[in-house]
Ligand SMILES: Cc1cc2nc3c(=O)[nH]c(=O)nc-3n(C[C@H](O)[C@H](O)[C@H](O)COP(=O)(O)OP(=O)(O)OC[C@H]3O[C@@H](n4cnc5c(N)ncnc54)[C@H](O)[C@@H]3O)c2cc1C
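Presented below, as structure tokens, is a lone chain in the form predicted alone.
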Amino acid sequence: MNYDIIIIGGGIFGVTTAVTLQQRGWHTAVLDPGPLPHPLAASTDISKVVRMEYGADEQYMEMVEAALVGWRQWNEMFGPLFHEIGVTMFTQQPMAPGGFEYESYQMLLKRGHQPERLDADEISRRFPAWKRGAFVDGFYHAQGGYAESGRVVEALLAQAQQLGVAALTGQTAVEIGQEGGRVTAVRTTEGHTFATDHVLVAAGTWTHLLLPALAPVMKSTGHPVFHLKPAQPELFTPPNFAVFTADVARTGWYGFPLHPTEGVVKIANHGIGLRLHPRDDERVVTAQDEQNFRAFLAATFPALANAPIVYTRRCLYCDTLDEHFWIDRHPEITGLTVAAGGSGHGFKFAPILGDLIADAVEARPNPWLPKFRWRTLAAQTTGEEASRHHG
């Protein structure tokens, strides 16, 4: 069967685009090794942060403003998978110009939002799980929260199939066939060839394996994730606790309140990570990771200092060198588009990703796409995602 487009990868970039392109009239297929949601995909987990704050980067805040409208609409369609309980962003020193929290706070004010600035006493009063006096400044912003990410992907996959998107699971793309500089097919390690005139590579951290030309500008980095069982769950239940960042650009630590169905507190690190091969390396959380984590807990959330860790994973980011997404048509191969480079901050944009990526596929003008264009990045390029701990 000939498809108008084959989307390689059934994670959040791929499935949102499948829904949009099918709605726009394309005969669309998603090709993935499966099962879907794929257990190793970055988007497969119990929760992802939905936050508006991006330091001084106004475009990302504008994009999240639009995404929040979509999240609320999806709650009406799919049920309450987005929990808008607010976000706390606290610092160990007073907020200052140039810092992630300060610049985010100023940008919120500039765009007409109403974050609530909190000092050390207010932090302790409103959010008693935080160690008294350890964090002295920051803010709470009611617009934001978290999405149950794995369940969101499941809901979108079901919607895609209801719309008629073909799910080609059990198939691992190994080559994109071309003739005369034009895409003709996708070939898989399982020995199948699927004819198509257009391919979207939305393969997350596996993208640069399928397209080695992107290896100089993309890498896979693994970041530790922990699930804890708190002895005092009420301390970690909204409104006593919200999605949080803990001086995140300096420490990398962020996390979530008690999960409503899993009964765990999830905390992870958004930092340098560990350079890994997405196929050949083990994705394990190390003893050093756990030691660092326990030190953070003792200094920040005393009630979790000795809480049992019930689950760990090492989440693999598809990092571009500058940490901005890579969403564009290939400059030389007709019919090839790439949507990757989530760099650990892509999921929150899910409700607008489908239109954004579909506009790239169709070469439609979109004011947000130039930031994510196909580009040349020098090897020494540094990451620009403002909340990330860069060491």
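Numbering starts at 1 and runs along the sequence shown. Note that the coordinates shown come from a computational prediction; the quantities given were computed from them, not determined experimentally.
Not pictured, yet referred to below: the form predicted in complex with this ligand.
The partner is absent here, but in the predicted complex a heavy atom of Tyr254, alone among Phe82, Tyr105, Phe236, Tyr254, sits within 4.5 Å of this ligand. Of the candidates Val361, Ala41, Leu68, Ile352, Ala41 is the one whose heavy atoms come within 4.5 Å of this ligand in the predicted complex; the others do not. Partner contacts here mean any heavy atom within 4.5 Å of this ligand in the predicted complex, and among 166-174, 83-91, 293-301, 127-135 they occur only in 166-174. For His324, no non-hydrogen atom is located within 4.5 Å of this ligand in the predicted complex, even though that partner is not displayed. Using a 4.5 Å cutoff between non-hydrogen atoms, Ala29 does not count as a contact of this ligand in the predicted complex.
Put simply, Met52 is far from this ligand in the predicted complex: not one heavy atom of it is within 4.5 Å. Contact annotation for Ala203: at least one heavy atom lies within 4.5 Å of this ligand in the predicted complex. Every member of the trio Ile8, Val225 and Cys315 reaches this ligand in the predicted complex with some non-hydrogen atom inside 4.5 Å.
Of all the residues from 347-366, those having a non-hydrogen atom no more than 4.5 Å from this ligand in the predicted complex are Phe347, Lys348.
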